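Listed next as structure tokens is one chain, alone, in the form predicted alone.
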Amino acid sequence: MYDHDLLVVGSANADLVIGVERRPGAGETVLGSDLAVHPGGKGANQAVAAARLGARTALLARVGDDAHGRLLLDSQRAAGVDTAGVLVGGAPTGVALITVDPSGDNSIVVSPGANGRLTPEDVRAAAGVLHASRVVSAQLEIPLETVVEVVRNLAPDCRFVLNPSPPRPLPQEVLAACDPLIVNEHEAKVILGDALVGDRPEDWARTLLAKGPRSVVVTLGAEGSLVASSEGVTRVPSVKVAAVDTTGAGDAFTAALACRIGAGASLEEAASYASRVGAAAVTRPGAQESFPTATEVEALCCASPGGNPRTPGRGSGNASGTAHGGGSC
């Protein structure tokens, strides 16, 4: 019935990455490593991550008619993503300026470029692809009105996944479609605003759920994640791996969760698998090039919560992933 397991509607950026001993303060200059250029952007990252896990994946995005745009298209095609929905032109390809410190933590500034020209009209023109997709995933590195148009064009039985990054207040129409809404601590607090209640993630999850989403996932880094629905709030535990670079880990988590729920997994099962995918990703540098295959994710399946797993084939060493579940998308 469906041509695609997952359609990702979102951003495609060139990631310009510099390693630093520490991030500069205001007015300060620090020296960094040689510049590395990688394909990135939350939408493009999610599409590659899902395709690597075996999901039939398509991307609706916009890139510039430039070298960065060609880099992004090549990366998508190499991963097996259907790029028929990737539009070209209108502005230079978006760029993310990323600094990574020795602990693997990163800071990112994004110039949207062509991402800001992905319009509601583009979504309406792609209605056929939307209706042929089991799950649709979006983020907020594209215009909010474009995400609203995605929600308005979903097929009746399609599941919509939203990671509201960078965070902003969301209209009720979008919140009501989310199943799930996936947020970290910072995103949860921005979306809740004055409605923020309590200091515990469980409080945030329940308050977010009351705002209209059908389900909510709160990611907690090394503490794992929370899943919240009408059935209650459940903690999904984590297992430690040694983080090399956290860039793109959240995108890998979201993609894995989206394709697992499309395959019929429960939200808790999907979050457990997604945490292991994110954990595998942080053991390697970069974003898209760090994303694991389903076989590599299986290397984490024998770890016990809180223990030290076998690390996947392309790297080793501290970020979170859960040790439950298994299999590909």
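Numbers follow the displayed sequence, beginning with 1. For clarity, every value in this text was computed on a predicted model and none was experimentally measured.
What comes next is about the form predicted in complex with a small molecule, which is not displayed.
- Contact with the small molecule in the model of the complex holds for none of 64, 72 and 114, as no heavy atom of theirs lies within 4.5 Å.
- Just one of 146, 238, 139, 133 comes within 4.5 Å of the small molecule in the model of the complex, counting any heavy atom, and that one is 238.
- Proximity to the small molecule in the model of the complex, taken as a non-hydrogen atom within 4.5 angstroms, holds for one residue of 119, 99, 83, 184, which is 184.
- Residue contact with the small molecule in the model of the complex: residue 174 places no heavy atom within 4.5 Å of it.
- Interface membership of residue 164, defined by any non-hydrogen atom within 4.5 Å of the small molecule in the model of the complex, is ruled out.
- Within this chain, residue 207 is remote from the site of the small molecule in the model of the complex, having no heavy atom within 4.5 Å.
- The small molecule is not shown here, but in the model of the complex it comes within 4.5 Å of a heavy atom of residue 282.
- Heavy atoms within 4.5 Å of the small molecule in the model of the complex belong, among the stretches 120-128, 214-222, 146-154, 197-205, to residues of 214-222.
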